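A single chain comes next, written as C-alpha cells; it is the form predicted on its own.
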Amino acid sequence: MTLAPETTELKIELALDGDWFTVCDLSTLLPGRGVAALLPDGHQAAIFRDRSGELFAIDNRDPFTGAAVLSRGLTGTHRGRPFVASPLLKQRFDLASGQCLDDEEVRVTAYQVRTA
C-alpha cells in the first residue's frame, strides 16, 4: 500500500556539506509549485515537487537579477526535462542540474534532495 504524501510526516532534506539538512514537510509542496527555504549559510533554496512526485532543489537566487524569486517561477518541461522559469525575466533553469536553458554559460546550484 502506498501512502499519499499529504498523510505522512515525511520531511524534505537537502545534502549540504556532506550532511542532510531538513528544510520542510513534504506536505508543504504542491505539485508544480515551489517553496523557498533558508539554509544555514544564509542562502535560500527553491524546492519543487513535479506532478509525478519527483523532488528538486536549486538556488533560489535568479543570477540575472540577483532577486531571490526562482521558487515563485512557473514550472514546465523542455525535451522531457523539468524546468522553472524565473518570474522576472523568464530565463528557464533545469531543475535537475541548475543549468540555464537560455544561456549555456549560466547555472545555479542544484541540491541533492531526499525524503526522510
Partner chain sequence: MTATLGATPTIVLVGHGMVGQRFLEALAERGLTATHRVVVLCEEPRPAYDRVALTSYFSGKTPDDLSMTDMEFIKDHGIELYVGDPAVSVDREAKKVTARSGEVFEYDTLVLATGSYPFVPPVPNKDAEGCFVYRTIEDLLAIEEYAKTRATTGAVVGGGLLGLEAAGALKGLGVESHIVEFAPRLMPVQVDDGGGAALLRTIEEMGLSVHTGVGTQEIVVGEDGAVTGMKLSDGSELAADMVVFSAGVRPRDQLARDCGLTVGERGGITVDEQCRTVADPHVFAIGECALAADGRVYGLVAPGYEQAETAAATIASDEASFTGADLSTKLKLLGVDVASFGDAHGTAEDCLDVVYSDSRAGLYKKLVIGRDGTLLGGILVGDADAYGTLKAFTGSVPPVSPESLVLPAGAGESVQLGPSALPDDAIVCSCHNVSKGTIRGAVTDHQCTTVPEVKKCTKAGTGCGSCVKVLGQLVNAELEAGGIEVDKGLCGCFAQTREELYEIVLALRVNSYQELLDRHGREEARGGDGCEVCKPAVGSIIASLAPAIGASGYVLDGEQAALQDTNDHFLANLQKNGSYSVVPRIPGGEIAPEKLIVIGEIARDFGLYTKITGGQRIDMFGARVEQLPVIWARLVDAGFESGHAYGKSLRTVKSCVGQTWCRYGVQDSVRMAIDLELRYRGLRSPHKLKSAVSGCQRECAEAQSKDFGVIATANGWNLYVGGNGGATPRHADLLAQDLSDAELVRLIDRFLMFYIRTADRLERTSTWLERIPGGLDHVRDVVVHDSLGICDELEKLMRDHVAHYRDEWAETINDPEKLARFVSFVNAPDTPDPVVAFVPERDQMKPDLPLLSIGMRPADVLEGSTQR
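This one's a predicted model, so the numbers in the text were calculated from it and none came from an experiment. Numbering follows the first chain given and starts at 1.
What follows is about the form predicted together with the partner chain, which we do not show.
In the predicted bound form, C24 approaches the partner chain with a heavy atom inside 4.5 Å. The partner chain in the predicted bound form comes within 4.5 Å of no heavy atom belonging to F48. Not displayed here, the partner chain is kept clear of L55 by more than 4.5 Å at the level of heavy atoms in the predicted bound form. Shown without its partner, the chain has F21, V23, C24, T28, L30, P31, G32, R33, V35, A36 in segment 13-36 as residues with a non-hydrogen atom within 4.5 angstroms of the partner chain in the predicted bound form.
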